[in-house]
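As a starting point, one isolated chain is supplied in structure tokens, in the form predicted alone.
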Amino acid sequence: MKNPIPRIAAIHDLSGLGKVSLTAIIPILSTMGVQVTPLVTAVLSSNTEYDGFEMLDLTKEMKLFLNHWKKENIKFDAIYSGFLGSEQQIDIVRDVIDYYQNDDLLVVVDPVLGDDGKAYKPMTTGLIEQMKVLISKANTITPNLTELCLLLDIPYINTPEIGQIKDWAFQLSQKGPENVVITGVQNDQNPHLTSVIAYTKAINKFWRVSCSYLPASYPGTGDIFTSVLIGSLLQADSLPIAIDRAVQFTSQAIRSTFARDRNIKEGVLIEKVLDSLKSPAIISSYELI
């Protein structure tokens, strides 16, 4: 039986303090008419921006939860994975994708590996290698520039030229994913702009959506961007329109937060702008490049 509304398996951690992962994903996708079924990888007292956070690893329980879903014959329209803390968790995500795979399944992998030219501390060589295998099973991937370089084993460049970005996106698409969406690309011609660059393999087209850069880095913005992207794709929007909507919403959320005296570690105030996701999309900035 087909789901009455789209249902997504969201494979992420749950952090108590700080708007990241599931605490951002669930309200965004619910607002966009998508039922979120979490497969929780870990429970944290806060996001990892806070010193001394406590964490309960749920790797063993993930398999038990998945087995229960199989017994209940749960069906999914989409699978979305984010930060994965071990090779074993990556193996579990691969099993989830393989078990639920069908021609209509949307599989989105956000290969959370690093930022600012460096891998995150928990990321081992083995975990990065396993992530390269995982992205081959995805329809859409959303790496930032650092993660793109780690996946391709190439040196990090802070502001690459657009031709170089397009070549890298094409190379990543040859590893399996239909859509490669590269986030947080600094504009090499205008330092006041940041862009998302995307490539669609089936039609061999590249897209760019840009927005004004603000000098603040909030945790969870990648989760927010990808959640809106997925919600838009499940509403049958095209990739450039989905990216445009995701950039607009993320930018709104950042601007709403930036204007307030707020601890950056707490993330952005998505509650202030959630209702905008119910409004008709105003497509304003995507371009073919």
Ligand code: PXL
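Note that residue numbering follows the sequence shown and begins at 1. These figures come from a predicted structure and were not determined experimentally.
Missing here is the form predicted in complex with the ligand; even so, the following discussion is about that form.
- Interface residue among Leu58, Leu233, Ile254, Leu44, judged by heavy atoms within 4.5 Å of the ligand in the model of the complex: Leu44.
- The shortest heavy atom separation between Asp244 and the ligand in the model of the complex exceeds 4.5 Å.
- Taking non-hydrogen atoms only, Gln248 never approaches the ligand to within 4.5 angstroms in the model of the complex.
- Although the partner is absent from this view, Gly114 stays clear of the ligand in the model of the complex, with no non-hydrogen atom inside 4.5 angstroms.
- Among heavy atoms of Gly184, none comes within 4.5 Å of the ligand in the model of the complex.
- Shown alone, this chain has one stretch from 234-242, 62-70, 31-39, 45-53 that lies within 4.5 Å of the ligand in the model of the complex by heavy atoms: 45-53.
- For the partner-free chain shown, Pro219, Gly220 of 195-221 come within 4.5 angstroms of the ligand in the model of the complex, judged by any non-hydrogen atom.
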